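Next comes just one chain, in structure tokens: the form predicted alone.
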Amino acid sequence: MKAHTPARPVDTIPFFTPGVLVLLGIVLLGGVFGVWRLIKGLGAITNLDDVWPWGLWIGVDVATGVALAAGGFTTSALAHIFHRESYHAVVRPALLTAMLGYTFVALGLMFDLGRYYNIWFPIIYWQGNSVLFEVGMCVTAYLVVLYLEFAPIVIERFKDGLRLPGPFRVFNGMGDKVFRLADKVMPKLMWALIIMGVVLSCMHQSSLGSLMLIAPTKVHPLWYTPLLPLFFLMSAVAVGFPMVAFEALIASRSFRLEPEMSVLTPLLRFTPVLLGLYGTAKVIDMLIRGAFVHLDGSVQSMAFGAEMILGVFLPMGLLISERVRRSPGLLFLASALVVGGVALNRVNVFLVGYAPPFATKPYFPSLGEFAITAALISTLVLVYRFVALNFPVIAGHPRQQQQS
């Protein structure tokens, strides 16, 4: 087993590849739709109306994005609060994923808001009785915490000397002093930031489920339950480590590094327990509420079955096996199933299982909604690649070339 290498910029490969060019094309197309939406309003490019006030951007860009960014607080808690030092190799990539994930959640929300330029209003105009206000403030606070947690990575990159080009070089001396001071101060604050991050994450992950408690006649009985806040939190915790593995295995292949299986294999042994608790709680809740009668072959029941079987019970069975956890391919498959299951749960709650009683037609996202969502995801991937190539985020050994 190889020893873990310290995190470093992956500066041995180019930024531009054929895949990057494809992503840039998706960003350009989505950007055209995005500009048109900001100028002409929601009605110009979406299928939203007064009956269907939210759609793809809330179900995927916001609710799913927040859930899949849970790897940041779960790995931080494991490594720093529970002092499992062997998992430090995956904390930085998970932190970067969470930071970018929440950043793009905020950007996605701006496209969904009718008056997007008022997104900052909750900071000034408080409404303590609103769950949405609590979610907004928690996400805002957690986003600040994430950037502060990421600051030591930036400091590490520049603390040995800031070398700005051209006319900006006059700031090099002052920048060196700032980075040296920050290098002394930030480690003393990290314990408080990590605790704040975990607390804020638990608060808003559960509160996203609380948002739907006011709509008992609009959410399908397969998903509507007073335990929605608990289930949203449990599923976010359960997807944290699989999301870390999913991202780490893709990154290692993209950056031509050996996958950190010595970290990922033991990390994912916690997931079957978390999935088991979540799945068992869901089944017991359905038994108590008598919701099994709604498994009647409808679109909603098939979506619920796919969510539970493919997203919970199948990956739980796979990850129990150490052979699966030791295989990069099988581990990626199991992790992708968990990630897909939680994403499907959020889409089910906010879209598939949501039915306004006075709707005269079903909602289906427009081309513009799909294009903007794809552009946001593509931009996130590109920013992740740029940061990983220039900052010490990823620890890994270069992939050995096969002998011909």
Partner chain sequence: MKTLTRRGFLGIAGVAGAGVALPATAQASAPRPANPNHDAVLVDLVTCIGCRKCEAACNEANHLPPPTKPFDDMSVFEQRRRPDKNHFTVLNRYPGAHAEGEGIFVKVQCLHCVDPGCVSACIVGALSKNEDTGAVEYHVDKCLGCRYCMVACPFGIPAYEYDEALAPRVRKCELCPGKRDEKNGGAPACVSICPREALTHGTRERMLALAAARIKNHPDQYVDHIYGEKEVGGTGILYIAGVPNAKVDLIDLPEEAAPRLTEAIQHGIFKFFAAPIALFGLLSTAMHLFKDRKADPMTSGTDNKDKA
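Predicted model, so just to flag it, every value in this text is computed and none were measured. Positions refer to the first chain, counted from 1.
Keep in mind the form predicted in complex with the partner chain is missing from the figure; the text below concerns it.
Problem - Contact residue in the predicted bound form, from P229, P328, G279, G175 (heavy atom within 4.5 Å of the partner chain) - result: Contact with the partner chain in the predicted bound form is made by P229 alone.
Problem - in the predicted bound form, the residue from L310, I284, I195, V299 that sits within 4.5 Å of the partner chain by heavy atoms - result: For this set of options, the contacting one is I195.
Handout entry: Region of this chain that lies against the partner chain in the predicted bound form, out of 31-39, 62-70, 336-344, 374-382 [heavy atom, 4.5 Å]
Key = Single hit among the candidates: 31-39.
Practice task
Classify W191 as contacting or not contacting the partner chain in the predicted bound form by the rule of any non-hydrogen atom within 4.5 angstroms, answering yes or no.
Solution key: Yes, W191 sits close enough to the partner chain in the predicted bound form that at least one of its heavy atoms falls within 4.5 Å.
Practice task
Considering only heavy atoms, tell me if V237 and the partner chain come within 4.5 Å of each other in the predicted bound form.
Solution key: Looking in the predicted bound form, residue contacts with the partner chain do not include V237, since no heavy atom lies within 4.5 Å.
Problem - is_contact(Q127, the partner chain) in the predicted bound form, heavy atom dist at most 4.5 Å - result: Yes, Q127 sits close enough to the partner chain in the predicted bound form that at least one of its heavy atoms falls within 4.5 Å.
Practice task
Tell me, yes or no, whether F179 is in contact with the partner chain in the predicted bound form, where a contact means a heavy atom of each within 4.5 Å.
Solution key: Looking in the predicted bound form, residue contacts with the partner chain do not include F179, since no heavy atom lies within 4.5 Å.
Problem - Stretch 354-369 - residues with a heavy atom within 4.5 Å of the partner chain in the predicted bound form - result: Read in sequence order, the residues that approach the partner chain (within 4.5 Å, in the predicted bound form) are Y354, P357, F358.
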